[in-house]
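Below you will find one chain, with nothing else, as structure tokens; this is the form predicted on its own, and questions on how it binds or moves follow later.
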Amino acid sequence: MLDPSRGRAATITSPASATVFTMVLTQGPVSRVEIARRTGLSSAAVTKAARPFIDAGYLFEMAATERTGPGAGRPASPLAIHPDREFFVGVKITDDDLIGVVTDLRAQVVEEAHRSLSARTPEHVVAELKALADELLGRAPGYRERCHSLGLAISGDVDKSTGLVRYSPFLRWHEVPLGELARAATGLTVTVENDVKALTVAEHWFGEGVGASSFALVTVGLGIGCAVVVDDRLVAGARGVAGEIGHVPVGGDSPPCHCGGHGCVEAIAGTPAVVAAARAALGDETLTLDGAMAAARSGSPAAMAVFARAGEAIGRAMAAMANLIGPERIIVSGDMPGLAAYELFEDQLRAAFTQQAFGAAADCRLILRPSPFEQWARGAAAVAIQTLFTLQER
């Protein structure tokens, strides 16, 4: 039985402790023998690394269920996670809404809540963040006592190491110290990450990316996002913007993009761009995304051409990324408004990807995985989990 009075312990003290804990967290239950086999650590090193986690209540030994090897008389006791040893708050910040969740150690959502934003100023957003976190943590005994971390996911250029939002196009933020402001307001340890990278972390540790040493996640929605994992590590780049295929130029000199460039994938295939192009093509300034999709599904050549161009742009950018990193799989995800039109451009996306991908890169498996905003909030919580249980350079 878990003792809720146990204090939080700083148990990540070495590469071995990080390796052992994360393997049990993401792939467990798993025996010490199996951990040693997979990692190359000695049995003694695995036992030494696991002991602090057991003492702190994060891990426990299950009943013996398997033997350590042929002829061995001693059964192994798999290590498993106490998922409710610690809780995490994750929040996805959009331009008009906050979507919040509480997760356990395995990033399983146990609570969720939404809060509308009446303004986009950092001060208003942070005040609403505090209110949302207080609401979520007040829903059940133990949440507040066992929650020390808040993860925030936001679109745009984010410096995760400092919590600085350099640029968020949909909120129109520039150089906002969101991490610092949220820490002061909530009293929690705060991580801030680009929303696509946060969703990728959740897939890497707890989803379709488990077991893949390299994969990419591409999101389709208001913008076109991408994040990549190479050699089992999320690639951030020198300034945290690696993987931004939304701003790969595939359209020549047009159309202009909000980033200041021209012909970017996002300026062709993001939801606002698709709606604008459909309005121009059909001569209807009141047309919505739903209306554009309906027109394309009814056979309108002009509307179909808009979605076809979007699919081709995304496919070409995905191929460029695949040629550079050679992922085992690409997960195509995003919120439902963006992915609702997927079947209207899937053929063009796949054709462009196959045509432009070089050699065996074209064999990369494409996986469609819609992600409601609660999953993006879960991604923010997953970043907080990963940050807490990854050895940090000091």
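In this text, rigid core is short for the largest set of C-alphas that superpose within 1.5 Å between two forms. The first residue of the sequence shown is number 1, and the count goes up from there. None of these values were measured; they are calculated from a predicted model.
Unshown form predicted in complex with a further copy of the same chain; subsequent notes refer to it.
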a further copy of the same chain in the model of the complex reached by all of 238, 243 and 356, non-hydrogen atom within 4.5 Å: yes
Partner contact for residue 264 in the model of the complex: a further copy of the same chain, 4.5 angstroms, heavy atom: yes
Partner contact for residue 326 in the model of the complex: a further copy of the same chain, 4.5 angstroms, heavy atom: yes
Proximity of residue 365 to a further copy of the same chain in the model of the complex, heavy atoms at 4.5 Å: yes
a further copy of the same chain contact in the model of the complex: residue 163, any heavy atom under 4.5 Å: no
Position in contact with a further copy of the same chain when the complex is considered in the model of the complex, options 361, 56, 33, 340, heavy atoms within 4.5 Å: 361
The unique member of 177, 83, 78, 251 whose heavy atoms fall within 4.5 Å of a further copy of the same chain in the model of the complex: 251
Stretch from 314 to 322, 112 to 120, 296 to 304, 130 to 138 whose residues place a heavy atom within 4.5 Å of a further copy of the same chain in the model of the complex: 314 to 322
Residue 40 C-alpha shift between this form and the one not shown of 2 Å or more, rigid core reference: no
Per-residue C-alpha change between this form and the one not shown, residue 141, threshold 2 Å, rigid core fit: no
